[in-house]
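One chain follows as structure tokens, the form predicted on its own.
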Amino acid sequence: MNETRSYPVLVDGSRLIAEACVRAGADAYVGYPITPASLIFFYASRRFPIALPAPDEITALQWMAGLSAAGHLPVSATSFPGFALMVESVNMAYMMELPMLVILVQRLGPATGSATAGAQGDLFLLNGLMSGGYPLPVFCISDLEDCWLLPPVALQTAVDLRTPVVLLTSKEMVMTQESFDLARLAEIEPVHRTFYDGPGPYCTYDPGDGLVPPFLPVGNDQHQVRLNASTHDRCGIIQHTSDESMANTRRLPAKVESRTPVLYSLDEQEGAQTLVVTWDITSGAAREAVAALRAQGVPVSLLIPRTLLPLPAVYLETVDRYPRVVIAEENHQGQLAHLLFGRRIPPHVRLVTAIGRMIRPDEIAREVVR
């Protein structure tokens, strides 16, 4: 973008997310319209080279798997009721090691809840999504700029790790129009992708000396490609619990845990004894609260995670440095807090939570000075 000019517009996160995905090289969108993810469906249908309206979310993920297997880089967007139908297929794609991106727009639950009320309630779901407890890369948007910056990272991670990736956001982020200067957005480099070009025979799940096997689409003219969602050896042949198949299964979490990019922002103020931790849509309120407190002479630091899963160790290392921690999130339980500390929240950690409404900056500020 031109740094000497400004391009002020009214824009929502849905448009930025869809455009960022296309510019990053995603070439297929498969979706079923569901509030509050419908605007992503609307924009994607006009921008993606391939845009397929599925009859339901189960079909959407099965089509995504087929497109990915054929060498495309597919994207879908949904909310919890639709994602619940996708879970088995996400597990399938995880075991088959098929790159794809699912944008999960959070809304108020349980069940169908309220389609027009926001929430940050799906973190527990994602943390236990994979049968066997294996980790799935999950990134989270905190502002409109992230709507542009994180889709390319999520797509590159899906390609680099050969895995489904979830990009987490929420209703207000994708449906609320804000004044925004497009000149702030950097150009997006397309995802770098390579395919296997060795002499063969090709073994679909042979990682060589690394953790991620080279990818080759089905239907190529050179080699047979076996894709398998059941326990299998390096060549994709079904096996029970042989040494090779178990080593292959253990490789799946190892690649995600070691190679998922760790993205976060940490704004530390000298002399601060309190750290505010927040994520997703509540980041805006937290930034306002921190700015107001500092203006009043109250030193405070701010941590905003963008990589949520696998949970990076640096978050725990950071919170351990502060005698007081305030965690703000729009759910009933304090899901990030429990992810960090388990069921027993330490006495020096205070929670600011809400359901059915957004958290206000003054609520966060009040807990900091209490």
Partner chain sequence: MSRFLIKPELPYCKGCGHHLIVRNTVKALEALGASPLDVVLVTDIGCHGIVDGNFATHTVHGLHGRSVALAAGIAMGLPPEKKVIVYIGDGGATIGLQHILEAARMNVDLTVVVHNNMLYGMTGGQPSGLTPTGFRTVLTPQGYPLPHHDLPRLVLDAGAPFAARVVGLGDFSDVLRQALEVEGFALVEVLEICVSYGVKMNPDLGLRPDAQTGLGGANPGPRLRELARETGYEPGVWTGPTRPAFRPARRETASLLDMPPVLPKHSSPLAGRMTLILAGSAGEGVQQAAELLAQAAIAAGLYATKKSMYPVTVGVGFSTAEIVLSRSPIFYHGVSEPDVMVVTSADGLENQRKRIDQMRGGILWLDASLPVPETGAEVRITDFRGRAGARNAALYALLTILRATGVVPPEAFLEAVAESPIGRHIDPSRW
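Residue numbers count along the first chain shown, from 1. Everything numeric here is computed off the predicted structure, so don't read it as measured data.
Another form exists, predicted together with the partner chain; not displayed. Remarks below refer to it.
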{"query": "Residue contact check: residue 355 to the partner chain in the predicted bound form, 4.5 Å heavy atom", "finding": "no"}
{"query": "Contact label in the predicted bound form: residue 332 to the partner chain, heavy atom within 4.5 Å", "finding": "no"}
{"query": "Interface membership of residue 175, the partner chain in the predicted bound form, 4.5 Å heavy atom rule", "finding": "yes"}
{"query": "The partner chain contact at residue 132 in the predicted bound form, heavy atom, 4.5 Å", "finding": "no"}
{"query": "Among 192-200, 276-284, 75-83, 248-256, the region lying within 4.5 Å of the partner chain in the predicted bound form by heavy atom distance", "finding": "276-284"}
{"query": "Triplet 292, 319 and 323 all within 4.5 Å of the partner chain in the predicted bound form via a heavy atom", "finding": "no"}
{"query": "Contacting member of 219, 210, 271, 297, with respect to the partner chain in the predicted bound form [4.5 Å, heavy atom]", "finding": "219"}
{"query": "Sequence-ordered residues of 102-123 touching the partner chain in the predicted bound form, heavy atom within 4.5 Å", "finding": "115, 116"}
